[in-house]
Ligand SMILES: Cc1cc2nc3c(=O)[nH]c(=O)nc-3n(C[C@H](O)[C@H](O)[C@H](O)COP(=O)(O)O)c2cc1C
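The chain that follows stands alone, in the form predicted on its own, written as structure tokens.
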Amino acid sequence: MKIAAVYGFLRKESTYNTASLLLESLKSKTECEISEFFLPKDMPNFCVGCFSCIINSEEKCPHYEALQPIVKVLDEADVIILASPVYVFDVSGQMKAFLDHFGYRWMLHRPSSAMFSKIGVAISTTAGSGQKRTNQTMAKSLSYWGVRKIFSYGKAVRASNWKGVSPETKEVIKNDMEKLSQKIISEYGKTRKNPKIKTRLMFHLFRKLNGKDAWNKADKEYWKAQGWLDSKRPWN
């Protein structure tokens, strides 16, 4: 199993340790190849809103070269983990800046066919609350990328760092990560890896929008080249 983990932080505290417990549990169950990226160290740039990636090509993005090492790993992964602590009731600025660079990959535009067979995981922790909204932001991007199955886990740890988290809460998180890893393994082992009905419906909606009256030539040409405007689909 290939796993790509993108962390919207540099501090290795509660969110990092929660994700690490999940990775450890997965490694105990199956052979894993894990790639980790820490933001903003591994992708420091902010999207400048130039629309070049959408109107022309992702290669025209001023940050294309910086983003490619992560894109390559995401495309090759079986499981994508997005992890962010709660910053004012949402993802960290680093994570948001990262996700903004993938606007061209939203299903309306030019989604990668590789995404439709993947498993996604959104993880967040917080001292107080806001983990639901934070996970929704990350899960929304995963969904619009076409990821077939998405799990979310959020936990209020009542502490500003991992050292301050109570032993009882740590034990709860450990047990939760054990259960989550079992769900991921089960999904990974399925023979048919087709996306859910919601994803298929979105695909067919955007297929129509990229038909003869499509406003964006780059998107229409992409969908046509994939064969998606005909009978081909990015799943089995």
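Model, not experiment: these values are computed from the prediction. Heads up: residue numbers just count along the shown sequence, starting at 1.
Although it is not shown, the form predicted in complex with this ligand is what the next lines describe.
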item	value
Segment that reaches this ligand in the model of the complex - one of 100 to 108, 114 to 122, 87 to 95, 73 to 81, heavy atoms within 4.5 Å	87 to 95
4.5 Å heavy atom contact, Met138 and this ligand in the model of the complex	no
Contact of Thr126 with this ligand in the model of the complex (heavy atom, 4.5 Å)	yes
4.5 angstroms heavy atom contact with this ligand in the model of the complex for Lys224	no
Contact of Val157 with this ligand in the model of the complex (heavy atom, 4.5 Å)	yes
This ligand in the model of the complex - contacting residues of 7 to 40, heavy atom within 4.5 Å	Arg11, Glu13, Ser14, Thr15, Tyr16
